[in-house]
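Taking the form predicted alone, here's one chain by itself in C-alpha cells.
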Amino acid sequence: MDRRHFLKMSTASAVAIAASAMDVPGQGGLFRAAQAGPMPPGNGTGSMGATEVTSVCEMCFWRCPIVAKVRDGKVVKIEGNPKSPVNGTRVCARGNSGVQLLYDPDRIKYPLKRVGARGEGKWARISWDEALGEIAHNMKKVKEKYGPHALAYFDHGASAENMREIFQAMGTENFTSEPAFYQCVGPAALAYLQTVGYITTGTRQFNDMGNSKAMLFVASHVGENVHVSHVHEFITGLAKGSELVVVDPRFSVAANKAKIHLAIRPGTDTALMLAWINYVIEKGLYNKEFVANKCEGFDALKKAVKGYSMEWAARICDLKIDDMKAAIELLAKASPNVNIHPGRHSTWYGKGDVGRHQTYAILTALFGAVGVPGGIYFPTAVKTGHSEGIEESLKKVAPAKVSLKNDSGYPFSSVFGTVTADIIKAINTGKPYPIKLLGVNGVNIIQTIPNPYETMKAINNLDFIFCQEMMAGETAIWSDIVLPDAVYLERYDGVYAYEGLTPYLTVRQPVVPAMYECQPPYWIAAQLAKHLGIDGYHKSVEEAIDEELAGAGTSIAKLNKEGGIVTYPGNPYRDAKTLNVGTESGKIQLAVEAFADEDLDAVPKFEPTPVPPTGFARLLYGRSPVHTFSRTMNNLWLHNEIPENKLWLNDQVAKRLGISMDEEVVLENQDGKRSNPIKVLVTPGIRPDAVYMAHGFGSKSPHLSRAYGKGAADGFLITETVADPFIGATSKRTNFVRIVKGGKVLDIPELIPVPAELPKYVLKNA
C-alpha cells in the first residue's frame, strides 16, 4: 500500500490516544475522556442515577484510579477518578471494559478439580473446603517427602502477594517477585540500579517526558502499551514542542510522531548507543561540570568506547551516518532537559540486555539529565503503615544446602528472587533438588515464559499444580485445582502509593459483591493458612488496610470522604550541586565496578547476536493498544476492537513471495515449530529482515469462547533462548521464522547485505 494509506492505518490508535490525553472536544471512541461531571464529595450518588465508588483498575499493571458507577447492584460504567493528578477522568479501552471482565460468562465461577488429563481442561465442581483441603494436603505431603524447597510459586499482580506469604511460611525460596521480572523488566532494572542508584522503570516510570525538550525511544511501545498517565506525559511533551528520536526496526506509533526515525537492524542497538556515547565525548557534547562533579568512571568509559566510530556503527546497524549524527546532536542540544527513555521490556537478546540499558543510563548522565525537568526524576516516598498477614518470623526462609536462589550462577539474581528459568529446569531435571508442587497466580505461564514446550513438560513432571485465576486460560487447563479469583471490582487489595511527579495514595476496594463462589485473594490465603496450620491473618482485610493507611494519617472511611485519593507534595528534582544518588559513593557510575568484580563488563561492550539464517527473518513482538497480553483477549468489547493479531511483513518481501494483504499464512521457526494461521499486514513499515506480531493472541484454551484460536501465539515460536549473565533473564528476540503458505515453505529473501562482523544463526539441522 502507499505511504499515506500506511500512515493512516498505523496511526489510528495513536490519534485516539492523543485525543484522550489532550481532551480534544468532540472526539469519541473507546479512548475518549470520561464525560461525567466532577465527583461529589466522597463516594456517593453521581450522574446516571448511579452510586459512584472509587477504586483502582487492574486491567493492566499500571493501576489507574477509577470510579465505578453502580446502578441496581450492577456496574454500568467505569471512568477515571477526577481527583487523579495524572489521569483525571481519562480511561483507556481496557479500563473502560472492566465491566465486561466482571460479567464475562466464561469466568471461572466455582472451585474446580481436574478430571481429565492435564491440558484437556476437564473439571468437576467442588467446594472451597475440598479445594483448599486438597491443596494443603499436597503442600504438606510434598514438603514432608522432598523438603520445603520442593514447593514453588509463580505470581504476577496485586492479587498474588497474600499467597506468596503462604509459600514463604512453608519454607521455600522458590518464588520471584514476579516471573515477569525475568521475562521483561529485569535487565533494565539492574542497569539503572547500579548506574544511578535506583530503579527508574517499574510500575511507575520516573522519566519526565512532559517537561522534556527532546526524547529518545529505543523500540519503546509508548502509544501502544496505553498506560494512560505515561501516554499523557508523552503527548504533553510533544505538544510543548519536545522533539522525538525513535530507534526501531518497525514504524511504530511512536515512530510516526518522531522527527527522526532510525529503522535499525535488529540486535544492533547497543552498537549505535556506544557509537553515540563515543561521539558525545569526542565532540564535547556532554555536560562537563555534571560529569566531573557527579559521576565516576568517566576515563574508563572514554577508553572503552573509543573504538566505536559512527562509520562502524552505520555499517553494523544499517543506518545513514547523517541521520545518526542529526539524532544525537538533536538530543545533545536539548541537554539537560532530555529524556533518554529507560524502557521497560528488556529481555531481548540475553547477553547484552543489561549493557544496552546501561548505555541509556550512561547517556542520560552524560547529558546531566538526572533529577531535572525533562530527564529522569526521583520518586517521592509516600509514608504508610505496615500490616502483615503472616508474622515475619514465619516467613524467614532457610536456603537449601545447594540453593537454587543463591547459587544460581547469576551474580545479581538473588536480590530479585529465584530465576524463573531455573525453577522450570529444576522441575524437569530434579537438580539441584526436585521441585514437585507449583502454585500459580495471575500469570499465564504457558504464554509468558519462553519455550512453552518446556513449561508443559515441567507441569507433567509435577506431583501437583494449582492456580488462582479469573479466566480459564492455558494455565488453568493445565492445573489440578483451579481457585476462582474475585475480579478487581469485587475485592480489596491494598494501599497504592504512587511516587510520581505528584505523589498520591489510594485504595482498591470492592464496588460490588463477589459473584458466584469467587473469593478475594486475602480470604483465599487466610483460609489456606488455616488448612495448613499456619498462624496468621487474624485481621479482616479492611483492618489490615486501615493499619497501613494509619501510617499516612487516614483510613478507608476518610479516603472515601475525600474522593478516594489523597495527594502529597512531590520532590522529583534536585539541585545539581547537591545531587547525591543511591550508589555506594553517592555518584553516578559510568563504569560499574560491581559488574567488574563479578568478571562482567564495567562498561558495556557490543556483543553481536546472530542475524537470521538464510531463508528466515527475526521474530519481533509487542503490545496491542487495546489488550493486556492474553488476559484481555476474551473481553467482549476489546475482542470486538481487535479480535486477532496480524503479521507485519515487509512489502518488498511480500511481493517476492506473492503474498497479499490479509492473506492467511503459517509461521515456522528455526526448530520446526509452527504457529496457528495468521493474517498478513503487508507494509513498508517493517524491515525486510524482520517480522512482527502483537503478543498474547492465539489462545489454546477452548474455555475462552472468543479468544480461542484467534490469531497466532508468538510464545509458541520462542524456543531458542539465551540467558543474561547478570541475572539469568531469558531472551525472547533470538528466534527466527519463515512462512508456510498453502502447505509450502517459503524462504524469506535476504534483501539487505549483512556485514562480516555479524554471525549468522546456525540451524540445528544444518
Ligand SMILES: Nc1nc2c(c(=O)[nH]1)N[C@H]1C(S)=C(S)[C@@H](COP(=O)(O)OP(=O)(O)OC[C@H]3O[C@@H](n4cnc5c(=O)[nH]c(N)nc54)[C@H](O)[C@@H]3O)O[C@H]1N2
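Numbering starts at 1 and follows the sequence shown. Nothing here was measured: the structure is a model prediction, and the numbers come from that model.
One more form of this protein exists, namely the form predicted in complex with the ligand; it is left out here, but the text below deals with it.
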Subject >> Contacting member of P266, P604, G237, G417, with respect to the ligand in the predicted bound form [4.5 Å, heavy atom] >> reply: P266
**OP:** Scan N634, S159, S413, T506 and let me know which has any heavy atom within 4.5 Å of the ligand in the predicted bound form.
**Re:** S159
**OP:** Decide if the three candidate residues S220, D485 and K732 all line the ligand in the predicted bound form, where lining means a heavy atom within 4.5 Å.
**Re:** yes
Original post:
Though only this chain appears here, would E224 touch the ligand in the predicted bound form if you measure heavy atom gaps against 4.5 Å?
Top reply: yes
Subject >> Interface membership of D724, the ligand in the predicted bound form, 4.5 Å heavy atom rule >> reply: no
Subject >> Contact test in the predicted bound form: E469 vs the ligand, heavy atoms, 4.5 Å >> reply: yes
**OP:** Verify the contact flag for G439: yes if a non-hydrogen atom of it lies within 4.5 Å of a non-hydrogen atom of the ligand in the predicted bound form, no if not.
**Re:** no
Original post:
Taking the partner as it appears in the predicted bound form, which of 402-410, 658-666, 337-345, 273-281 has residues with heavy atoms within 4.5 Å of the ligand?
Top reply: 337-345
**OP:** Output the sequence-ordered list of residues from 241-271 with at least one heavy atom within 4.5 Å of the ligand in the predicted bound form.
**Re:** V247, D248, P249, R250, S252, I264, P266, G267, D269
